[in-house]
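Form predicted on its own, single chain, as structure tokens, below.
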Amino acid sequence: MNDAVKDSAVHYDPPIDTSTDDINAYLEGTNRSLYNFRDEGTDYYKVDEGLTREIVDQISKEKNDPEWMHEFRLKSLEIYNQMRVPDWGPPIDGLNMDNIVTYVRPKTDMKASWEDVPEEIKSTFDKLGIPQAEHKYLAGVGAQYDSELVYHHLQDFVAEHGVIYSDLESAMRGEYAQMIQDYFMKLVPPTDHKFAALHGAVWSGGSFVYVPKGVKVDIPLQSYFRLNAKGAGQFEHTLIIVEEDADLHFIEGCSAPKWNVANLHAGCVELYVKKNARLRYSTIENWSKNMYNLNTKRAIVEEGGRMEWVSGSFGSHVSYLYPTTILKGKGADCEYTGITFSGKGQDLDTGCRMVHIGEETSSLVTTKSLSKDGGIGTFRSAVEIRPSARRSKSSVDCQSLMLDDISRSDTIPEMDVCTEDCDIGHEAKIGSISDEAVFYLMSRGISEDEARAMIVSGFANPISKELPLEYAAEMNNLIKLEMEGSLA
């Protein structure tokens, strides 16, 4: 590290050790009420159900869009209406856009202090522990409630290093307007698939992060997305640019209460990792089981850059989620680590895609999948080695654990290799909990349920140890709730 980069580092206390004892201490008193509370009030503004030009015009007016964004929305709507719903994944017949409200605004503007957030909304984030987390170990927090950010704040000592962390709409209308126009939905164009086009038409909220050249942000930034409204969709857009030799860890949290109608999440994440930069993007998704999670995430990595994905997917009725990484520059590198848990009534179709373009690029994929009570877990991996990606390496390792004889797990690998000068491999293992292992633990005085939970916890440990303590604790909390059958 050169002196200029060293002087630009943003320092903080080291993370707490994520030992088993520490995590278990966080799990005492686990119950679903932590996530499943909801606000049934009517103190909000919303557009009509459905998706029409008039509704898109209305959203654009509410957002005070510049003209180019208004035109972009209308073009995206046109593309959406021309494209077919994907027919190769889990069925989404229960999702009817005529019944979805695409924009719900709480009656408050964005605040820079938790004390100024309306009490009924603040109490939601208090229960989720977001304000407390900010004080303890976050450099900045954005909190979105339905379609709008209600709180956004960046610690002064981080801002002093030139780091920009704001809501996307403010950035689009301020001094970074041209940058937003240059980057917005360039990695994920509306033509990518039907729900990318939907996002382009009705997106609202999300975050913009810019890390200047050479700045190392040791403390994570976090955006938390809470969808509260019944029968609504959430369409936040996250845009992150990490300049040359810079470093950032960004955490995304998501949750929603359960309703008896379909809800939709179709957000979009675009990540730009410049030369010799590093970005870690950690996600804990905990959607309710009436949610259709049709999210799109994509990163592009320049020469010598490194992209790290850490992903935990829980909840939702159906998920389509396949983060893509484009390894464009020579020596670009990506590591994807993920876990999913599919329970009763869930069909989670997840995975990742690696596109090797530059020479000597490398990708490493490690995933764990759990299924229980008839849940279906499908992992799709796609590795593409272009002719230009000579001396590149890719390794995919996916393991699936079925917890009973009525659940299902599938692994669907795809490899498109266009050069012989590469090293590529795929390994998959699907199995069930060993009766011998359960018997051994029971012979040591452990109950059968506790024995099964211990085996599952050990199976998931390689993923949880990649997360900061509090998020590793949350992931273990979610697994415990799933094992108890109480995550609804």
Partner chain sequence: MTENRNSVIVNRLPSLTWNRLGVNRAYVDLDSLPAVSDEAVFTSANTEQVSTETKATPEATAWADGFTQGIRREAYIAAKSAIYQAQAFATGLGGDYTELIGKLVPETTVFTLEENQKPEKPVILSWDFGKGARAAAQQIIYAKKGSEATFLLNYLSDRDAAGHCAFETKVILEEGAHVRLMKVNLLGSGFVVLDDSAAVLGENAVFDFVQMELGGAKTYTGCYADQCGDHSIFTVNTGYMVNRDHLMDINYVAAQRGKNTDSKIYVKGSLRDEAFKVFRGTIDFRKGSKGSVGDEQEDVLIFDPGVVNKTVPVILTEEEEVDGRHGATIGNLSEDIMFYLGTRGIAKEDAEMLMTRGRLLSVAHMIPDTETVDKISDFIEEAFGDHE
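Positions refer to the first chain, counted from 1. Note that this is a predicted model, so its numbers are computed, not measured.
Quick note: we don't show the form predicted together with its partner chain, though the next part is all about it.
Asks: Would you mind picking the one in Glu450, Glu54, Glu427, Asp48 that has a heavy atom within 4.5 Å of its partner chain in the model of the complex?
Replies: That would be Glu427.
Asks: Which one, Gly174, Gly94, Pro212, Pro413, lies within 4.5 Å of its partner chain in the model of the complex by heavy atoms?
Replies: If I apply the 4.5 Å criterion carefully, the residue I get is Pro413.
Asks: Looking at 356 to 364, 161 to 169, 228 to 236, 341 to 349, which lies within 4.5 angstroms of its partner chain in the model of the complex, counting heavy atoms?
Replies: Result for this chain: 341 to 349.
Asks: Tell me, yes or no, whether Asp423 is in contact with its partner chain in the model of the complex, where a contact means a heavy atom of each within 4.5 Å.
Replies: Yes.
Asks: Do Asp126 and its partner chain share at least one heavy atom pair within 4.5 Å in the model of the complex?
Replies: Result no; Asp126 lies far from its partner chain in the model of the complex.
Asks: Using the partner position in the model of the complex, report whether Glu115 sits within 4.5 Å of its partner chain, counting heavy atoms only.
Replies: Answer no; every heavy atom of Glu115 is more than 4.5 Å from its partner chain in the model of the complex.
Asks: Using heavy atoms and a 4.5 Å limit, would one call Arg408 a contact residue for its partner chain in the model of the complex?
Replies: Residue-level check for Arg408: yes, a contact with its partner chain.
Asks: Of 72 to 96, which residues get within 4.5 Å of its partner chain in the model of the complex if you count heavy atoms?
Replies: If the 4.5 Å heavy-atom criterion is applied to its partner chain in the model of the complex, 72 to 96 yields Asp87, Trp88, Gly89, Pro90, Pro91.
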